[in-house]
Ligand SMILES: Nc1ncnc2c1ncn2[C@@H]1O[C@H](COP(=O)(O)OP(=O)(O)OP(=O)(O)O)[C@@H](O)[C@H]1O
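Before any questions on how it binds or moves, here is one chain, the form predicted alone, in structure tokens.
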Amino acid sequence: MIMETNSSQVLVEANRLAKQYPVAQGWFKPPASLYAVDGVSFRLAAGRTLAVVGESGCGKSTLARLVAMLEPPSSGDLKIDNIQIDQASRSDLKRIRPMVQMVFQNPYASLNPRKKVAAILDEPLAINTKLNKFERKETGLAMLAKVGLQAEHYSRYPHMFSGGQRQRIAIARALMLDPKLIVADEAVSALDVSIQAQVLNLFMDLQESNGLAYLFISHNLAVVEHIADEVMVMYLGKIVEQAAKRHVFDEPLHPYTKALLASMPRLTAKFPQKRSMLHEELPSPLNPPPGCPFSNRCPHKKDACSAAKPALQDFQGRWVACSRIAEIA
């Protein structure tokens, strides 16, 4: 199932995308299969933000690496700019790869401490363009200004900056090749709350000026509520709910989505009487429960929930994977 976007200009289309890893279990046992991403489908249009949320281990970062083409999927189809990646020619891949850039979680680790900002920003242009040294420097200085840094920062090393400034440098590096899609994997989680707001506003300003699309990976629902257009909730590698942001935050349907929102701090609680909390531990992805993967933690579980895995279905204008959704909504 693929959720329709509000724009006809689809930039990314994933269809039943999956990533499987073999996991050793000992000397005399065959390796087990861990499905980090299991049959994920979505569309992302230019200028839109799709946020992917869920607990640690749900497959968010693996999905980010698949879309950023850092890892190949085990199965399924991924199209970027209407080019199917696993069937793309070398010339198509050379054209597509600069369109997709990634901003990583930790700005202290994602920047080479031995290189000055000048070299960090120059490298993408030196490899992928025919600009001369002077043109590359002018482009780098202009990009620094765009992300709110000064020309004097161009000749400094990463250790001379604060965390927020380092993430701005990482964003500037991602923008050097004028991409269409930014994959942001927990891009503000390592920053102080006050700095998070500045970086989020920077993301939104750049989206408005450059028409960027964002695949925004986060466990922080307050951040997602601020920046997202659509929200995809994942659990053990699967989508359990996908909808426009206002539907997910104002009227969640899946029990897991409700539990995530119940744990979100709010100044004014939208659900003061009904707080659906998660009591059981997240099951091992190597040994998920039979049937519905959320069944061992779901307050609405019945015997039928363990019989078969629920498929994503269109219910009240969003996609939900729950066989009892008509009863519990």
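The first residue of the shown sequence is 1; numbering continues from there. Every value quoted in this text rests on a predicted model; they were computed, and no experiment measured them.
The discussion below concerns the form predicted in complex with this ligand, not included here.
Of the candidate stretches 41 to 49, 58 to 66, 288 to 296, 257 to 265, only 58 to 66 contains residues with a heavy atom within 4.5 Å of this ligand in the predicted bound form. The closest heavy atom approach of residue 278 to this ligand in the predicted bound form falls outside 4.5 Å. Within this chain, residue 315 is remote from the site of this ligand in the predicted bound form, having no heavy atom within 4.5 Å.
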